[in-house]
Ligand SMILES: C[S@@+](CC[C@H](N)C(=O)[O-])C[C@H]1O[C@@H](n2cnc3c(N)ncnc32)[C@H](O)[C@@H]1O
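Starting off, we have a lone chain in the form predicted on its own, written out as structure tokens.
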Amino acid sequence: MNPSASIGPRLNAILELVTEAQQKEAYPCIWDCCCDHGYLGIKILSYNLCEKLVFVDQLPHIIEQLAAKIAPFGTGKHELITADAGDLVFDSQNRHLVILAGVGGECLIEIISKIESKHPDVQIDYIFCPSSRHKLLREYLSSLSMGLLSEQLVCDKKRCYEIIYVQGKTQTGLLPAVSLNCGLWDMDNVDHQQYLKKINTPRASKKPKRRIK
């Protein structure tokens, strides 16, 4: 990917959120987990938004392809890790921002559960952009009493995405809790109306396939 190439509305919204966060109180290390093609992380690198950017994906071929893409950035500013995001090790001396986008809510819960149980004393904040099971994720985040820093709704290619930025360790009352439902739907917005209709329409049950003997 050319660092100057444009990215879609969903990834651009996350990039803007990261840029704003780094201007307030910078995270030394940002983790682009389940990074896929690495478009978001490459943008973060090209804008020099953090001391270190870590690309994480559990598929070796993804990481191998990324290694070639980010070679022009040199060494020292980034790291490539092939691993399950839940198995990462975080330096307790630093604040960390973990980005988890394009993954379903159930998978995100598994990852968060492993990270939080292994690092109870590390300051880890998260940006989530689930591909599905948004409410399930919200219920889990609410149960952990994570503080809501911001949330937004972004439409991209006829889909709507919830982007949720939370503080992993917070004192009760300092930040609002993550609500169980996104309150950002605009019923005057055609894209919102169409997407809500889509996700609220019951799916027809699939007929079992006939076996060929």
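Residue numbers run from 1 along the displayed sequence. For clarity, every value in this text was computed on a predicted model and none was experimentally measured.
Below: the form predicted together with this ligand, not depicted.
Student: Just one of Gln58, Ser179, Gln65, Asn48 has a heavy atom within 4.5 Å of this ligand in the predicted complex. Which one?
Tutor: None of the others qualify; the residue that does is Gln58.
Student: Among 50-58, 23-31, 66-74, 141-149, which stretch has residues with heavy atoms no more than 4.5 Å from this ligand in the predicted complex?
Tutor: Heavy atoms within 4.5 Å of this ligand in the predicted complex occur in 50-58.
Student: I'd like to know whether His37 contacts this ligand in the predicted complex, with contact meaning heavy atoms within 4.5 angstroms.
Tutor: Yes - in the predicted complex, heavy atoms of His37 and this ligand come within 4.5 Å of each other.
Student: I'd like to check something about Arg10: if you look in the predicted complex, is any of its heavy atoms closer than or equal to 4.5 Å to a heavy atom of this ligand?
Tutor: Taking the distances in the predicted complex, the answer for Arg10 is yes, it comes within 4.5 Å of this ligand.
Student: Can Ala83 be called a contact residue for this ligand in the predicted complex at 4.5 Å between heavy atoms?
Tutor: Judged by the heavy-atom cut-off of 4.5 Å, Ala83 is in contact with this ligand in the predicted complex.
Student: Just checking whether Val122 would be counted as a contact of this ligand in the predicted complex - the rule being heavy atoms within 4.5 angstroms.
Tutor: Judged by the heavy-atom cut-off of 4.5 Å, Val122 is well away from this ligand in the predicted complex.
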